[in-house]
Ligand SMILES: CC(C)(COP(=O)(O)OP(=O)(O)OC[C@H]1O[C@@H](n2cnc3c(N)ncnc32)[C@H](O)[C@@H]1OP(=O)(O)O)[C@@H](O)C(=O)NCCC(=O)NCCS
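Here you get one chain, nothing else, as structure tokens; it is the form predicted on its own.
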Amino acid sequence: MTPDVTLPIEGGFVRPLREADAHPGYVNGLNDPVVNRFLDAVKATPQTLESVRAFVAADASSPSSVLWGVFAAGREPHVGTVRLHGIEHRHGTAHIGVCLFDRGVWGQGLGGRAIAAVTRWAINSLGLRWVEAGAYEGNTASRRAFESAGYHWVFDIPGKYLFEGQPTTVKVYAARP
């Protein structure tokens, strides 16, 4: 799904990504062990420009996901992504995740503002009633970003997932209208 919309946020904007938006900084960020520390699938194999383009294209053609680029004012190209996926119209639910792969924008609140904008769009435009995010307990930056976007903690999943080879707790957050 690739809606034709740009959502303004303080300090930039978000819009759905196109294959042409894949760039070396995106690839390098995904391969950076500091950036991808809390990401799962992206670490399975080294990312390339071709693999990133294929991921963007797959999301663009999927009826159940939208991959948004996070664009910071005064910076080109995009510096991160927000992925709304697992969109289930029947139940009015979806999952959301964020990755700021340009470390130069970390700590500025950009991720939380991008999450909030995409969440509002999902609730208002798609009619969703529940948008869910999971974050490893140790990923305090991601947890703060979701909380700043209006998400509330709903439950923990202790020990199901492995982080750096050890069972860990995933904290689940949700946003509702």
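Just so it is clear, the structure is predicted and the values come from calculations on it, not from any experiment. Residue indices: 1-based, along the sequence shown.
Quick note: we don't show the form predicted in complex with the ligand, though the next part is all about it.
**Q** Every residue in 16, 86 and 126 with a non-hydrogen atom within 4.5 Å of the ligand in the model of the complex?
**A** None of them does, since no heavy atom lies within 4.5 Å of the partner.
**Q** Pick from 117, 35, 67, 52: which residue has any heavy atom within 4.5 angstroms of the ligand in the model of the complex?
**A** Answer to the contact question: 35.
**Q** Out of the stretches listed (117-125, 56-64, 43-51, 135-143), which one is close to the ligand in the model of the complex, meaning heavy atoms within 4.5 Å?
**A** Checking each option against the 4.5 Å cut-off leaves 135-143.
**Q** Is residue 109 close to the ligand in the model of the complex, meaning a heavy atom pair under 4.5 Å apart or at it?
**A** Close contact exists here: in the model of the complex, residue 109 approaches the ligand to within 4.5 Å, heavy atoms only.
**Q** Taking the shortest heavy atom distance, is residue 98 within 4.5 Å of the ligand in the model of the complex?
**A** Residue 98: contacts the ligand in the model of the complex.
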